[in-house]
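This document starts with one chain, in the form predicted on its own, laid out as structure tokens.
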């Protein structure tokens, strides 16, 4: 579970995030939406403990800066962070050692689903953007994180890879993973999300529960709330 409580981040006189509170529960896909400049990127960096901030962020009840939290947390970034000269296989070995992962069957299933088997010996610099994104997903999931933060997971993926990614997210949800997903592709989330938080001008303006939305779509609610802002 990911819990954000009273998150505030200031850059000088600019308040990028203003007392934001929300949560991503286990076994649910929670979506964070917002127009450009809403504060999503700052929020994501804060959850990943990459920024100093005011407030509290917990991963499965542990402070997000703690080792216990990091063991339970996975992050799939919008821009994959890989070592250019390491092969895909070497990346996998590195993460396995870092998290003391002994099981190989789980990893083999991920490799198959993400269609990376023929890329194991390729270096990161040889991969396309879409392939790098797949590797980033694989590495984030090797440790079987209880809580997962995903930033724009569909960027650079072809239609088949997008379908596989959606399948993977559904499987993780069914296995009880807490998934927080930041995206601007709202239509693609209609059949996937359980709860959405709409962020605007640094604040959480609304919580949308899919089962309570009725005939209105998430996109319609999004534009109602962010009308007048520059939308993504």
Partner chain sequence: MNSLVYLASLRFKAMIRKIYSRPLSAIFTTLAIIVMLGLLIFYSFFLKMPESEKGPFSAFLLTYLFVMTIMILAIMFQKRTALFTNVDANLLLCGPFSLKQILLYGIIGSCGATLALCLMNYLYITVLLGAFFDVSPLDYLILFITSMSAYFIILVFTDFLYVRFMDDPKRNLYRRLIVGTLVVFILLIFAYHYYINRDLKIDAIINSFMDSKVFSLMPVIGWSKFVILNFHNGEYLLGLLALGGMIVLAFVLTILTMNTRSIDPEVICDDARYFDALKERSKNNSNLYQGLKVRSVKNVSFKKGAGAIASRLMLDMRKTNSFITKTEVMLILLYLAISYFSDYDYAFYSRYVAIILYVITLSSNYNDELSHHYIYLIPDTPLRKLWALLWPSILKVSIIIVLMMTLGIVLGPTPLDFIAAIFELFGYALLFISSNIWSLRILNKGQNQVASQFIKMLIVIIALIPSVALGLVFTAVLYTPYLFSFISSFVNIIIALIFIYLSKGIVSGAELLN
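Residue numbers count along the first chain shown, from 1. Quick caveat: nothing in here was measured; it's all calculated off a predicted structure.
Although it is not shown, the form predicted in complex with the partner chain is what the next lines describe.
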{"query": "Contact stretch among 24-32, 42-50, 171-179, 186-194 - heavy atom within 4.5 Å of the partner chain in the predicted complex", "finding": "42-50"}
{"query": "112, 114 and 160 each touching the partner chain in the predicted complex (heavy atom, 4.5 Å)", "finding": "no"}
{"query": "Residue 154: touches the partner chain in the predicted complex, heavy atom cutoff 4.5 angstroms", "finding": "no"}
{"query": "Touches the partner chain in the predicted complex: residue 139 (any heavy atom, 4.5 Å)", "finding": "yes"}
{"query": "The partner chain contact at residue 128 in the predicted complex, heavy atom, 4.5 Å", "finding": "no"}
{"query": "The partner chain contact in the predicted complex: residue 107, any heavy atom under 4.5 Å", "finding": "no"}
{"query": "Residues within 4.5 Å of the partner chain in the predicted complex, restricted to 77-99 and counted by heavy atom", "finding": "77, 81, 82, 83, 85, 86, 87, 90, 93, 94, 95, 97, 98, 99"}
